[in-house]
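One chain comes next, on its own, written out as structure tokens in the form predicted alone.
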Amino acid sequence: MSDELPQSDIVAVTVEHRIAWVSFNRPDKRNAMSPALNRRMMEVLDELEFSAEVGVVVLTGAGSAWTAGMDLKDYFREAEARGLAGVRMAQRESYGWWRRLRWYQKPTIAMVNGWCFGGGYGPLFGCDLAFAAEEAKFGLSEINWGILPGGGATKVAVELMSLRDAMYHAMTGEPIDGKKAAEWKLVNEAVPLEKLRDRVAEVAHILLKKNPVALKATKDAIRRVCEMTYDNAEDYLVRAQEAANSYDNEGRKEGIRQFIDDKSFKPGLGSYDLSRQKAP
């Protein structure tokens, strides 16, 4: 393993008030994703997914970058030196944890504090929400060194951006800042770097007040129905609600009770009080 740090230190994790702050931790490499980092990220996701101490996961980067994408030496050159088997293994290790993020049990937020390039678009898309520093830099620079934006990056661009913006972004290789990334819908919003952590924490605390079963069902539904016809989506959502109720019908009943009987909350203005819900 060519990483300078032990594998356990390649990803730093801090849990505060049920928010897990997970940081790519190769600041000297602008947090480029190596095979070792990818393996450690899968382990971290395993450790946090069903932890009672964690309600929201925030993915960020140490130093001045979120992630500069795939480590060209470790991920490409060294993997390719092992032949097709090495290439496929490196792909499985990276694509695997990005896929885990897309269907993760708990809400996830990308906090893009700096550089986000190429392969970084995989975990960016995998997170449910994304906030960026206005000073951050986003780019699909693959065209500049002779390849297309692979690893799902092209799909991310066309999924989140307009066709014209995606074409310009991928064909020119020009970086954009956080403000433009928000305008092009790569992220939810951009704020000055010094306010980024506070804004992400604010959103995380909003999510912590929601019913966790309903949150998981909602995030899955949003991703699923994107590719469905209206009729198929309507049918899927009926079944999804029934499935969610089978896990947490008491939560649904308590929310309705607080609204109709207690008149203690209004669904359009906030969440019901989870602390008053009976244990399933």
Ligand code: COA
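Remember, predicted model here, so these are calculated numbers, not experimental data. Position 1 is the first residue in the sequence shown; the rest follow in order.
Heads up, the form predicted together with the ligand isn't pictured, but that's what we're talking about next.
Wondering, does G122 line up within 4.5 Å of the ligand in the predicted bound form on heavy atoms? Answer no; every heavy atom of G122 is more than 4.5 Å from the ligand in the predicted bound form.
Exercise: E234 in contact with the ligand in the predicted bound form, heavy atom 4.5 Å: Contact with the ligand, no.
Does any part of K216 reach within 4.5 Å of the ligand in the predicted bound form? Heavy atoms only, please. Contact check for K216: no, nothing within 4.5 Å of the ligand in the predicted bound form.
Taking 4.5 angstroms as the cut-off for heavy atoms, does R30 touch the ligand in the predicted bound form? Close contact exists here: in the predicted bound form, R30 approaches the ligand to within 4.5 Å, heavy atoms only.
The ligand isn't shown here, but in the predicted bound form which of A85, M171, I206, L72 has a heavy atom within 4.5 Å of it? Only one listed residue qualifies here, and that residue is L72.
Of the listed stretches (35 to 43, 62 to 70, 216 to 224, 238 to 246), which one has a non-hydrogen atom within 4.5 Å of the ligand in the predicted bound form? Selected stretch: 62 to 70.
Enumerate the residues of 197 to 223 that have a non-hydrogen atom within 4.5 Å of the ligand in the predicted bound form, in sequence order, or give none. Stretch hits: zero.
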